[in-house]
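Read the single chain below, which is given as structure tokens and is the form predicted alone.
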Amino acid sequence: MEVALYHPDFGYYAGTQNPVGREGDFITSPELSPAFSFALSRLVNDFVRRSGDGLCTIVDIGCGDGSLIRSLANASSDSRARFVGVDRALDRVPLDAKRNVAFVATIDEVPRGGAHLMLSNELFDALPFARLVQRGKHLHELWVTDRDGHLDWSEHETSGELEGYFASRGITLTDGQFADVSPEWGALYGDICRLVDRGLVVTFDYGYPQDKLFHSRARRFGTAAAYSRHRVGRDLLANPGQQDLTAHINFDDLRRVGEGRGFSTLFFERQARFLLGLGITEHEFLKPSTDLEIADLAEGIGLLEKRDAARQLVLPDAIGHDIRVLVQGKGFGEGRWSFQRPLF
């Protein structure tokens, strides 16, 4: 997976063309509707206000072409806030995006000092993972092999590290059950937390707590999937370097790492609940239709399409229902944040 996604010449994310968006292979919340960045900009403003007179750093880790962090920077007029985008493939970032945003290739290059708001959207589900299957009392790992000139799977008894992953968490797989696991989930999250002396770490991603992620019936065949032209497939070895590969994450790994580093878990819920708490319904695409003024039919059709896209961020059975948000904070006291407020 590391080679297929990140090889400098042939990897899926190595090219200059952005694979995200309506013309790409999949779409994420920031590309779906500007209502997403509108809601996050309200969090940025609240964060800067609560931080006092010191400098604040707003960071988007895995920023892609920089559209989200650029939108947040453009929406802020506070001189105390600086904006940073982090991505391994910075060639996709247009030159005009670099006017009010600093772009770096690794999180180690993020400026220190002051408060940090660390954002990531579908970052952890793109980390290389091991594909595992339980065979009786033994845990096997699926390796990729060359069979007559074609990629194929072969099974081998797994390493002690991966066996320890399940044993240390009290997870038991049933015979024939598959699971997809990345030891890098917790490692990367720990690297992010180490940068933050005072601030918030906000993670948007596909995943579950471990009791649901490794449920023997609901996810008997794991969660690994491939995406191409907005279609999901299960053949991970087809067209290497030409399709996105992903697996749902264990949010308990992130939560435990953060709490072990002195962070408090402030929120863990579906994305829709988080965005509603931030006030996303105040965006023009989510206002009641009786408040809209439409000049002609073409404008009306275009507006309906934009409203439908924005609603997918908050309605059931759409992206706002599938993605979960984990927020952990340190050094901000006990005051309630807007995303924590009751909706009713």
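Every value quoted in this text rests on a predicted model; they were computed, and no experiment measured them. Don't overthink the numbering: it's just position in the shown sequence, from 1.
FYI, the form predicted in complex with a small molecule isn't displayed, but the following is about it.
By the criterion of a heavy atom within 4.5 Å, W337 is excluded from the residues contacting the small molecule in the predicted complex.
Under a 4.5 angstroms non-hydrogen atom cutoff, the small molecule in the predicted complex has T28 among its neighbouring residues.
Under a 4.5 angstroms non-hydrogen atom cutoff, the small molecule in the predicted complex has V86 among its neighbouring residues.
Of the heavy atoms in P34, none are within 4.5 Å of the small molecule in the predicted complex.
Contact with the small molecule in the predicted complex, defined as any heavy atom within 4.5 Å, is confined among 223 to 231, 173 to 181, 115 to 123, 147 to 155 to 115 to 123. None of C193, V101, L127, V133 but one reaches within 4.5 angstroms of the small molecule in the predicted complex through a heavy atom, and that residue is L127. Listed residues C63, C56, A39, L313 were compared with the small molecule in the predicted complex; C63 is the one with a heavy atom within 4.5 Å.
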